[in-house]
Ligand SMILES: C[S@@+](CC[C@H](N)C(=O)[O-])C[C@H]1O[C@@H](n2cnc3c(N)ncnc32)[C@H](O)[C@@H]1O
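Before any questions on how it binds or moves, here is one chain, the form predicted alone, in structure tokens.
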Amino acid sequence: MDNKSYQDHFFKKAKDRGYRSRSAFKLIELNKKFKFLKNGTKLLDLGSFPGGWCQVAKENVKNGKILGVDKKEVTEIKGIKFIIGDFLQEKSKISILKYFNTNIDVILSDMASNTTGNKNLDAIRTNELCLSVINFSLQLLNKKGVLISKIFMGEDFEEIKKTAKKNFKKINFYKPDSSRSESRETYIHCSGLST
């Protein structure tokens, strides 16, 4: 199976299973590898549009609390709350804190910056987002919390690694099979705050 038909396979599979995006399979693979979606989990999905990751989280988390945040409006998913806003803005942070009213178990981010056509610039911008997510998670995660964030392999990769290592006990990198093979994307998995 060539790469294009392999990708179409995930697109078709997502449609068949009622997922809103093929990226739902990335989260399925990440969870299979790191096992962080558990019953009772308090979970925040940053950049949640169109809602594929929230769908997967909902399937795996019973009696938990799931919140999605995105600048775009996400069509309702039963049992999940969505906030329209930028997670970096104070207003959104206040809404997030208010919703959970306690520290969070899992923070997810599949965010990438809007593409410009310049691969290096896109990688830098997405990695800046990842750094923001790491710093943001330090205020909200509980001691044993887990953070999963998209990153692009690029020149600032080392900076992300260093920041993550400084603040978390364990860090791993993983590229799911459902990621496009030509894509520079991979995911960082951080667990256990060290501070």
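On a predicted model such as this, the values are computed, not experimentally measured, just so you know. Each residue number is its position in the shown sequence, starting from 1. In this text, rigid core is short for the largest set of C-alphas that superpose within 1.5 Å between two forms.
Another form, the form predicted together with this ligand, is not on view; read the next lines as being about it.
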Answer for Ala112 alone: is it within 4.5 Å of this ligand in the model of the complex, judged on heavy atom distances? yes
Do Ile160 and this ligand share at least one heavy atom pair within 4.5 Å in the model of the complex? no
Give a yes or no for Lys81: in the model of the complex, does one of its heavy atoms lie within 4.5 Å of a heavy atom belonging to this ligand? no
With a cut-off of 4.5 Å between heavy atoms, is Gly68 one of the residues that contacts this ligand in the model of the complex? no
Select, from the options 135-143, 29-37, 52-60, 164-172, the stretch whose residues sit within 4.5 angstroms of this ligand in the model of the complex by heavy atom distance. 52-60
Residues of stretch 22-47 in contact with this ligand in the model of the complex (4.5 Å, non-hydrogen atom): Ser23, Ala24, Gly47
Superpose on the rigid core, then tell me if the C-alpha of Leu121 is displaced by 2 angstroms or more between this form and the one not shown. no
With both forms fit on the core, is the shift of the CA atom of Gln89 between this form and the one not shown 2 Å or larger? yes
